[in-house]
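Just one chain follows, in the form predicted on its own, and it is written as structure tokens.
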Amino acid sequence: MCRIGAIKSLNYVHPCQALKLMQSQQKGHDNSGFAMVMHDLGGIFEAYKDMPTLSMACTDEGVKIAEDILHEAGFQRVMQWVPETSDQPGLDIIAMPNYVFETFDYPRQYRNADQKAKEDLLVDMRLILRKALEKDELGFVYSFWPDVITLKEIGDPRDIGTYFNLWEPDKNFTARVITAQCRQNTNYDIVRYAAHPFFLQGYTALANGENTFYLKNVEFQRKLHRGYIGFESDSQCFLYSLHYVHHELGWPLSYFKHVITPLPFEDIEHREDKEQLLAIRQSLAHLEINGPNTIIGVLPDNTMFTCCDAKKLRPVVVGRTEDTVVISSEVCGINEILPDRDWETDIYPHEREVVAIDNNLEVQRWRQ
């Protein structure tokens, strides 16, 4: 099984908190990997929030190919961070030779471009880099986006944390939003891209559970956007549906829930927005999901949310203090990093609601 977690804080948080959040749920996952996406970066990346950062694991040849492509496109590197690794004997980790976190200035012709032009450029460049490195697994390009860092690795999460020196807090490597999961894609062949969280164009999604409508989703999503590729995991469809509903269609987040777990027809009949909900069921039926799952997502404005399947067959809980909100598959994860919170205010989301947290840490609950 998967276990997922997310932290959103008014203060910058080190990834050791995400590791602690997941470690307490160890009995619920299989220790096959650790992955995280960090939004709203602090530390050495705080001064470069408007510039894209490349997150990549690759061979020496992969580094050269990627940097040549970016240089040819006009990107200029302004900052590079290479994590200090501790390759101790006996660590359970299938490490890549290089982990690249490089921040770039846009090509000169794009520096005064509008937001859409920059976004399209970054999506296209990530796709170009991924394709160039796919042969012989020269590298894995996880994200290329402003104010975002992604790390994915195969092995025991404790050993991965040790390898990257993530167990001890470090002010140089922090973020206000961190999502994490401790499991590789062990239902199928292990592919680094298949590890949650998944990222596209400012959106992050991760899930605990299964999507039994995977094939139906895939067949429909392949035609919707050039960035909907890979499909190495059934849960990747959650990201693409979120992106399509919120970014491409421009609908409010609350309608994402209506798309993936639509209301029964008899309930729709009594709604003021009956026409809209019926139209969603007719036009986006292939984005409906099924099976036991819980989703955690992050929007480009760093809003964090969670929702469940229509029968709530997977657990999730939201806990908070004055400066931090944590979403976790199990309450023990929240107990580990927020032991002094008021436990009576914990939220156990309903199967027909979305729980969203804005940048002021205001918690909103939207019933479907």
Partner chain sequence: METMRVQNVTPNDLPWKIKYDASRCTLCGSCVAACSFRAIEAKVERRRMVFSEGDFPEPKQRFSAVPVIRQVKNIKNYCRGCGICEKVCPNDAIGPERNPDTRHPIITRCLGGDSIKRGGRKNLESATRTLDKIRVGRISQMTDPSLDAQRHTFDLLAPFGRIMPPKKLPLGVGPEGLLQTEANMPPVRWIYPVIIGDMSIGALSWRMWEAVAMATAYLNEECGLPVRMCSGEGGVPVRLLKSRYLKYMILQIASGHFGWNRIIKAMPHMVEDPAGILIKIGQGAKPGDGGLLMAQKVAEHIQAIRGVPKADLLSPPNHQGLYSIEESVQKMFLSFNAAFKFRVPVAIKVAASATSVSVFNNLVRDPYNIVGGFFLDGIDGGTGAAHEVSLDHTGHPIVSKLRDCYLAAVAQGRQGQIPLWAAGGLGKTGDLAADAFKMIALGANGVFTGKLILQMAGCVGNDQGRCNACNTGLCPVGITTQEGPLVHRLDPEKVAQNIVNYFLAMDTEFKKLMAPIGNSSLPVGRSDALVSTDQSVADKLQLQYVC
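What you see is a predicted model; the values in this text were computed from it and never measured. Positions refer to the first chain, counted from 1.
FYI, the form predicted together with the partner chain isn't displayed, but the following is about it.
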- Message: Each of Gln80, Pro97 and Asp170 within 4.5 Å of the partner chain in the model of the complex, by any heavy atom, yes or no?
- Response: no
- With the partner omitted here, the residue among Leu249, Ala113, Leu91, Leu127 that in the model of the complex has a heavy atom within 4.5 Å of the partner chain is Leu249
- Ok, Phe140, Tyr203, Tyr163, Tyr244: which has a heavy atom sitting within 4.5 Å of the partner chain in the model of the complex? Tyr244
- Could you tell me if Glu210 has a non-hydrogen atom within 4.5 Å of the partner chain in the model of the complex? yes
- Examine Gly227 and determine whether its closest non-hydrogen atom to the partner chain in the model of the complex is within 4.5 angstroms. no
- Query: Counting only non-hydrogen atoms and a 4.5 angstroms cut-off, does Ala47 reach the partner chain in the model of the complex?
  - Reply: no
- Gln276: heavy atom within 4.5 Å of the partner chain in the model of the complex? yes
- Which single stretch, out of 147-155, 129-137, 98-106, 213-221, brings residue heavy atoms within 4.5 Å of the partner chain in the model of the complex? 213-221
- Task: Residue by residue through 273-310, tell me which have a non-hydrogen atom within 4.5 angstroms of the partner chain in the model of the complex.
- Result: Glu275, Gln276, Leu278, Ala279, Ile280, Arg281, Gln282, Ser283, Leu284, His286, Glu288, Asn290, Gly291, Pro292
